[in-house]
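Take a look at this one chain, the form predicted alone, written out in structure tokens.
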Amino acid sequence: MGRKTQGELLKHVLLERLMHYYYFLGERPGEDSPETVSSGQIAKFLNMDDTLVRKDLAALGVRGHPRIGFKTHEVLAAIRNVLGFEKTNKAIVVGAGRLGGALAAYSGFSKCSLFIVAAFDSDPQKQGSVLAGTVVQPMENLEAVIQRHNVRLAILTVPADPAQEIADRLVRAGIRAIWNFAPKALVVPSGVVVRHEHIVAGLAELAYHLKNIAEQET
């Protein structure tokens, strides 16, 4: 896959902001009026510009109410509609190690209408074990399970070496979206989207900020 265009990057950033709004509104502890929210409250909690929040909510078609702000349920419903959470999405986990197990067990996926229907691993010692309530299956069953359950999303948590080969199998079997935690950039045909999670990139950002803080304190 080539580099993302500016439009794609802007869309990516917007989608991430919408997810931040979604989780903030769904998990607001200690709020006196959880039925309503102001753009200022969202902006303050997420350390954002109030104007940008209002612009995003306007793009969703959500209208504010004088002296009240935005109705929380209207904002949540609009985000769910835009992000496709109104429809249940089935997913599989390929790679039943610690990371795969943690992702399979993550209860927050249900809030996004995402449900893990199967897990796979090439290690015979892991096959037959239970991963967050799901029995780990051999890789030989991969294509059959994808087609039987009409799965379109795969979570890939395998080492770098087999990642591309497995991705090719997933695409041929009908997978149209891959959440890639493997330390390898995947090449997929057009019509298939890949989200690469580079854990070390997050570490680099934290290290950068720690460096700047240390320099300011000296």
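As the structure is a prediction and not an experimental result, all values here were calculated from the model. A residue's number is simply how far along the shown sequence it sits, counting from 1. Between two forms, the rigid core is defined as the largest C-alpha subset superposing within 1.5 Å.
In what follows, reference is made to the form predicted together with a further copy of the same chain, a form of this protein that is not presented.
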>> Partner absent here, but in the model of the complex, which of 133-141, 69-77, 102-110, 117-125 has residues with a heavy atom within 4.5 Å of a further copy of the same chain?
In response: 102-110
>> Just checking whether Ala173 would be counted as a contact of a further copy of the same chain in the model of the complex - the rule being heavy atoms within 4.5 angstroms.
In response: no
>> Against a further copy of the same chain in the model of the complex, would Leu60 count as a contact residue? Criterion: heavy atoms within 4.5 Å.
In response: no
> How about Arg169: is it within 4.5 Å of a further copy of the same chain in the model of the complex, going by heavy atoms?
Replying inline: no
>> in the model of the complex, is there a heavy atom of a further copy of the same chain that lies within 4.5 Å of any heavy atom of Pro183, even though the partner is absent here?
In response: yes
> Would you say Met19 moves its Cα by 2 Å or more between this form and the one not shown, aligning on the core?
Replying inline: no
>> Once the core is aligned, does Arg195 move its Cα by at least 2 Å between this form and the one not shown?
In response: no
